[in-house]
Every structure is written in structure tokens, then in C-alpha cells.
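Before any questions on how it binds or moves, here is one chain, the form predicted on its own, in C-alpha cells.
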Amino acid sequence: MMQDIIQMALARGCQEAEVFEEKLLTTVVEYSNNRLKKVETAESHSVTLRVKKEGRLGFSTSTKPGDGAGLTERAIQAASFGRLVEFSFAAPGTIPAVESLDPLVEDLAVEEMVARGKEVVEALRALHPAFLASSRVAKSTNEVTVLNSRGLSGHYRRTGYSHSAGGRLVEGQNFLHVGEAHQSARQEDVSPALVEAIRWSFEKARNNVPLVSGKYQVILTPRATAAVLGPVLASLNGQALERGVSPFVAKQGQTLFDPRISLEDDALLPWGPGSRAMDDEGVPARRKPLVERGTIRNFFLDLATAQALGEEPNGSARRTAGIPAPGPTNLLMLPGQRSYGEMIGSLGQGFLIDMLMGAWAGNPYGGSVSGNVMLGYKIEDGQVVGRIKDTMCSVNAFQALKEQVVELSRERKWESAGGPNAPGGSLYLPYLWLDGVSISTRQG
């Protein structure tokens, strides 16, 4: 069917045609407020066609079986109003082998998923009689095929497994929310580790402590570090460079960050949550350094942005609603030498920030990260002494990663990519210790 669609498009006068097919099977077990909320299996199948006709790009997508003729007609009509482009669709290449398909994920029984979710909920309910626990266990199998009129034929399958859990407690005017998550391409029962991490957060956060506004040393958890990296990922996106809004325009090869800051995107990482054999335009996947010892090396580039910037595409295309755009797969921040516990123990007075809300409001290319601290703790004499409330944390990401880095931990955790212009992907990040971070509070 995919080859037939390409031939129909060429017969209608298109210079090039590309078909992207995706099949996704997901199973989700979800507990909410201490109860089993849903057990759901969903299957989706979509086919997307891009064509070049008279130099203009046309696009159409369908979830209807046997809709090849309609798909072709709509794409050709769209090309009449489409963007003039000079790039060609991907040429055939060697698609690498990647460890990203785990049969244990596909074979994982729903009953076992229900049991894992229940185990976590029951353990969390024991934290407090009024604690409302949640748990979400999910597995997926994703199959992607890309064909085009240049002879490219690429295909891969990958699995995903995730387990997130948490809950909330309301005591008078005090609202507490804690949570942890795990994600991988490989199946692994992480229920005990999730419970232990949530128990630690809950016990430390039950005690609210006062604070005074000012500039402090702050240790960011990987979840909070992801928020600070939001402007950096946005600025590394080829679309931002093409539009001229990224502060990294004409800065390739320049040292803009602390030499301890290194970022790389590795789509070939064994069992990474974002690992894949090729990108969503059929360009072979690869590992690419983005920031190397503080120096800008590469960007996220799809076919369109690579052509516009005079660069080679580097396997960064991801599809949202069928439309390709550059983005991360497995974004890795290289670790430091000391443990997270040693970092905490070395901090005389400061804060541990875990969850930020609203951190990406405003212009990401200016670097501002400012959000309400949903979950944060005060550190005194190397000990976490309690939770901070009614607090905001503000930092400029570019300045902080250049001038305010104290240390990075050797431990790293997976977090979901977020923020402007950074669709999809997963981040493997250390704890990040910064100096001179602005902390403001209504307490004074």
C-alpha cells in the first residue's frame, strides 16, 4: 500500500513522495485516589504522505484503511499552498541495529501490571490514613516504516515501559504532592524503588520550615534540572536557528558554558526510552555531541532545517501530528564525580529543588526559568530539614550553566523532555548544584 501511494503521487506530477507509517499498541493500568481507575489497551495506525510538487511541500495524514487515493489527493491540494522547499527527502542509508525491542515488555501480562500498580498504592496508603495514592503502569510497542521515491525503505520496532506513582495529602491549608517515575525500553519491576523514593519525599516534606528571600546555593534534582535545560534545548533546535531567534546563531565552536557542562543526544543508547534505528524522515539514527565541555558543537536538525542552515541532517526529526520537526531522543548530560548524598552533606545552607511549576513562561531564548516551587526542601548543615512553601525559584539558564555551576552528581535519572520547542524525547540528567540562585517567598 505504501509503495502504491508513492506511485500514485508520482503519476500525478509530484517530483518526490514520502510515506510515513506508524503503528502503536499501548496498555495502561492506572490507579487514582487509592482505587483502580482504568485498564485500557489502545491500538492506533496512521499513514502520512508528504509530496513535493512544483517545488512546494504538501502534507496529508489518515487513519482510515485503504485511503491511499484520498491521501494522495489531499497532499497534492495542500502543495498548492505549501512552503517552497529546496531539500530532497532522505536518501537510502544503512539503518543501524539498536537494542530497543524487549520481548518481555510485549509479553508482560495485564494481571502483572495491575499487581504492580496495586502493590505501590497499598504501600503508599500506609504513609498516612488520608494520603491519596496514584500509580500508572504502561507498556507500548511502536512500529515505524518510512518509504520514499528516492528508494529509501526503513523500518524498526521498539518497546516502552514506564511506571509512575505518587499522591497527595491535604491537611488544613497544607497541600502536599509527591511523585516519582521510571521509563525505559526494557521491562523492569521498579515498584520497591518508587515506593522508597516517594516515602523519603513524603517524610521530609511533612515538616514545613521558614525561609527568607535571597540568593542561595541550590541543588536541583534531575527533574528540576530538566526545567533549567528547557531554554538550552529550545536554542539548540534547528528551527530556532533558522528563524534567527536562538542565541546560538553563529556560535558553533564557541565556549558558552562551564567546561563541566556536556550534552549529547544518543538515539543508539541500548534500552534508552527514546532509542530508535532512524528518525521520522528515515535518516539513520546516531549519537551526536551537542555541547562538549561547554562548547557548542551540533544542533537538532531535520531535513528542512539542515538545508536552510547549510548543514547535514543528523537524524533528529520527530513527528507531532505527522509533521516532522527537530527534537531530542535520549538527551544525556554527562555526570560529575561526587555522589548526590555527598553534595547534600557538603551544603551548609541552601535548598533542594525538585518540582517547578510554570518554569517556561515567557521567551525561552532569553534563558529565563522562573517557577513556583511545587516541591522543595531546606538544607541546613548538610541535612534536609523540611519542606519550603509559597516560594519561587528564578535563574537564567545560560548564565547559570556558565557562571554558577558548583558541581554535578555522578548519579543520573531519566526525565521527560519538556519546555518550548523540545517535543518528545527523554533526558538522562544528574543533580545540578548551582550558586547564587534567587529564592523569593511571601514569608519575607
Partner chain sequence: MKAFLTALVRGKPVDYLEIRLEESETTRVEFQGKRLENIGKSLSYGGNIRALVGGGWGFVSFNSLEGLEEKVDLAIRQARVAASLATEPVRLAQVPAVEDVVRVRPVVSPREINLERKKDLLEGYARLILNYSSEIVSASIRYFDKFSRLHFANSEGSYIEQEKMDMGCNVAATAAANGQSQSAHTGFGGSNDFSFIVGKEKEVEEVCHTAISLMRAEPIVGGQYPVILDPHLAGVFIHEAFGHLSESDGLHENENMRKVMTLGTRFGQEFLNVYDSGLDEGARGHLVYDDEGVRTQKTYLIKNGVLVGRLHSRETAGKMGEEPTGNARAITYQFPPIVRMRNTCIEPGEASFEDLLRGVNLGVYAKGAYGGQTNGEMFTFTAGEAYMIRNGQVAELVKDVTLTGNVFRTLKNIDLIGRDFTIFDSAGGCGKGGQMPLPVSHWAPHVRIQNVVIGGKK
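Residue numbers count along the first chain shown, from 1. In this text, all values refer to a predicted model and were calculated from it rather than measured experimentally.
One more form of this protein, predicted in complex with the partner chain, exists but is not displayed; see below.
S.K.: At the 4.5 Å heavy atom threshold, is R83 in contact with the partner chain in the model of the complex?
M.R.: R83: yes, in contact with the partner chain in the model of the complex.
S.K.: Does the partner chain get within 4.5 angstroms of any non-hydrogen atom of V385 in the model of the complex?
M.R.: V385: no contact with the partner chain in the model of the complex.
S.K.: Residue-level contact is defined here as any heavy atom of the residue lying within 4.5 Å of the partner chain in the model of the complex; does E311 satisfy this criterion?
M.R.: Contact check for E311: no, nothing within 4.5 Å of the partner chain in the model of the complex.
S.K.: Is there a heavy atom of E380 lying 4.5 Å or less from a heavy atom of the partner chain in the model of the complex?
M.R.: No, E380 sits far enough from the partner chain in the model of the complex that none of its heavy atoms falls within 4.5 Å.
S.K.: Thinking of the partner chain in the model of the complex, which stretch from 343-351, 187-195, 257-265, 240-248 has heavy atoms inside 4.5 Å of it?
M.R.: So the stretch in question is 240-248.
S.K.: Heavy atom within 4.5 Å of the partner chain in the model of the complex: which of H177, R338, K288, R199?
M.R.: For this set of options, the contacting one is H177.
S.K.: Can you name the residues of 28-42 that have a heavy atom within 4.5 Å of the partner chain in the model of the complex?
M.R.: Result: Y31, S32, N33, R35, L36, K37, K38, V39, E40, T41, A42.
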